[in-house]
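Quick heads-up: it's one chain on its own, the form predicted alone, in structure tokens.
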């Protein structure tokens, strides 16, 4: 049994402002102020708009988190924040706010890698009556993890295969060399006219379509590494959609009909996931893996979860994914879970001078030391 500490965590890595209070792996509250409506007209995240919204949302989000838990800042044992990777203007708001708060409260400060947050997001637990009782006694039991673990971070900004040797010990096995999986699906969705963000719409429409209707290319089949590439799928989709529209026009029709859109969504989604599974097969054939964890925005996709769960079962492995869609998107709860692990290892920054030196790291790869 370990003594549980209360972590106040912040995440402003992209377009969502999030504040969470975490005890070990238990999420007490996870407040997320979404900016989706602000960025819709841009068809993507506009950095200066995101920065201003973070500036306006961060303090109200903190007050709401405290109100929902009934805790005060004096109940906090440490302050954690995403330092990178992410959009530099967005990271700046959360980092500055958290640093000032840690110095004011004279609490330990914990710098967290955003990708590590996604990697450990499957460990997050709901607060149940049993956990509340354990919290009251300041003790909790944690289920033992079987290492090594293969972590998949599949999102709009990242597509990584990470070997988790232990908490804090990470090796990037493979990553996208161009677009991320979620970004690819979003852009194909926009080509079809599904708006922003298109990923969730593609998932719903794919249920009504034929995944084998259009055969998307399987990239990098000859490469011996575990890297991914999705840019070719966008090009294929663009040419395919143009061809379908041209044929429709020749037949006196306008645009894409509903069933064609459903089939395009199903085929595109299948193509993206087939590429991920192809590389996963290569990893499982060579690496000694005990568990598979899935994190990132696309981790909310039920089709991807089913594919990975089936693959894990085939190999006799444990499969874990976040219990809530909110933990798949960018959020501070996963940052708090990582911070709790770092606090246990003594990986904290103490003192106003040391805290002041911490700077944002927009391109901070998981497994690298904080600069």
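Positions refer to the first chain, counted from 1. Here the structure is a predicted model, which is why all the values come from computation and not from measurement.
Here the subject shifts to the form predicted in complex with a small molecule, a form of this protein not shown in this document.
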Quick one: is residue 162 in contact with the small molecule in the predicted bound form, heavy atoms, 4.5 Å cut-off? no
Taking any heavy atom pair closer than or equal to 4.5 Å as contact, tell me whether residue 185 reaches the small molecule in the predicted bound form. yes
Whether residue 87 contacts the small molecule in the predicted bound form should be assessed with a 4.5 Å heavy atom distance threshold; does it? no
Taking the small molecule as it sits in the predicted bound form, is residue 228 in contact with it (heavy atom to heavy atom, 4.5 Å or less)? no
In the predicted bound form, the residue from 179, 92, 203, 291 with a non-hydrogen atom within 4.5 Å of the small molecule is 203
One residue of 300, 111, 78, 120 in contact with the small molecule, assessed in the predicted bound form (non-hydrogen atom, 4.5 angstroms): 300
Sort through 240-248, 205-213, 154-162, 278-286 and report the only stretch with a non-hydrogen atom within 4.5 Å of the small molecule in the predicted bound form. 154-162
